[in-house]
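Below, in structure tokens: the form predicted alone, a single chain.
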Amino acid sequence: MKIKDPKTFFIRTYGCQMNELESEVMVGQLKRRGLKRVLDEELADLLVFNTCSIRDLAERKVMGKLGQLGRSKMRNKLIGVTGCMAMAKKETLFKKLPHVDFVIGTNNLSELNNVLDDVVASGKQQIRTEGEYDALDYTIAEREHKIKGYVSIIRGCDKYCTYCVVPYTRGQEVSRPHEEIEREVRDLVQKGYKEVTLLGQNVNSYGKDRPETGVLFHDLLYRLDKIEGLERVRFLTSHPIDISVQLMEAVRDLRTVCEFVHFPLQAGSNRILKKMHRIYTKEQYIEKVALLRSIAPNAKLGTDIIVGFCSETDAEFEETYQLFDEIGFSVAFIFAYSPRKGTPAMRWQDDVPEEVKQQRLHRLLELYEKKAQEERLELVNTPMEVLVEGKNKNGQLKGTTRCWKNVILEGDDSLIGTLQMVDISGFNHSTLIGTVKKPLIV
């Protein structure tokens, strides 16, 4: 079948910040090819779905969407699947969705244009999911935001948690050269960026696979802190076992490093933590949190929690609930366990009934909202540094604090892209409301 070379494209991104960054790179690749991006999929010749495989719901959304396209009038379009789901399912995607034209895994995204050439020339389905990681050219990324940007520093994960597909869809840990990262951040700053978020499945492992460089994660933070014009550095995500004292000191001491550490707990029961292969105990986790708070008392904590993991009892869930209550997380992502094909946990019986999972999920979410409400009340009448990022749909300025709270405030467009000291006067749901006190940077 003859396939026309596409002129326009639409891309939809599912999942994490790493996927968002990789979509930005693919947008850059396609624009260099001469394609025009459109925001309406019906107007596009090429549809690219950059997918996530971390939870069952994410996969079902993509499969439902792709199935719908196969039954619709849009079958004459080129359709491609990239990302973690592409890596996990590989050729089986063609069997389930014969109208998909190409599948590209997470390690092969640099081959996007070559794959398109082969699809157009042969009229046949193409797949690229094999081989070692081929480094992406992040300099061509078409950034969604002009004030803050994502910077990948390490790919893959060596921890092999039993519920997680990342080591199988992203591979083992590979750190980018620190010189390359520094060049990218300098380039972003020269373009007007004020904030970067360093990305990795486990940023704390940065540099451990390159011992000859002598640059570990905290060393990288110190190097980036010296870049003139850079105002904020964030990082996602962390594994508690690798959060070092040197990192805690960097959070305390460095001007640019925001006082927020994502500190995933996952569960509060030692038996469940061992079954998850989290390689720390509840006691070790509590000790490390206490150490962070003693070194960097202003630091806020984020976490991930899975409820209803294989064989979790009511008493073990209560341990998670109590520990969550005691620690007090500023940000939390809480999910009910869903089995992922290809993980060790898939071999075990998913024996916690769905209704029990949902009950536990709702209880923990209610506790999280209660704690979040208490934190918001404490922030009222407090001055906070806010990076003004743009406007919301109501025309109000919006921005974020250093501890990752969303803020809306009144003001004109001249404040966009600046840091402002803001007096917090109240909140609407999870968003803080403030008034500019005095400019920090104009």
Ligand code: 5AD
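None of the values given here were measured: they were computed from a predicted structure. In case it trips you up, residue 1 is the first one in the sequence shown, and so on.
Another form, the form predicted together with ligand 5AD, is not on view; read the next lines as being about it.
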Next on the checklist: Can you work out whether D304 and ligand 5AD are in contact in the model of the complex, taking contact to mean some heavy atom pair no more than 4.5 Å apart?
Outcome noted: yes
Item to check | is_contact(I54, ligand 5AD) in the model of the complex, heavy atom dist at most 4.5 Å | outcome: yes
Checklist entry - For F335, is any heavy atom within 4.5 Å of ligand 5AD in the model of the complex, or not? => result yes
Checklist entry - Quick one: does R340 come within 4.5 Å of ligand 5AD in the model of the complex, counting heavy atoms only? => result yes
Checklist outcome for this item: Answer among 54-62, 396-404, 37-45, 411-419 for heavy atoms within 4.5 Å of ligand 5AD in the model of the complex: the stretch 54-62
Item to check | Heavy atom within 4.5 Å of ligand 5AD in the model of the complex - residue from S269, Q266, S175, T256 | outcome: Q266
Checklist entry - Looking at L112, L198, C164, L361, which has any heavy atom no more than 4.5 Å from ligand 5AD in the model of the complex? => result C164
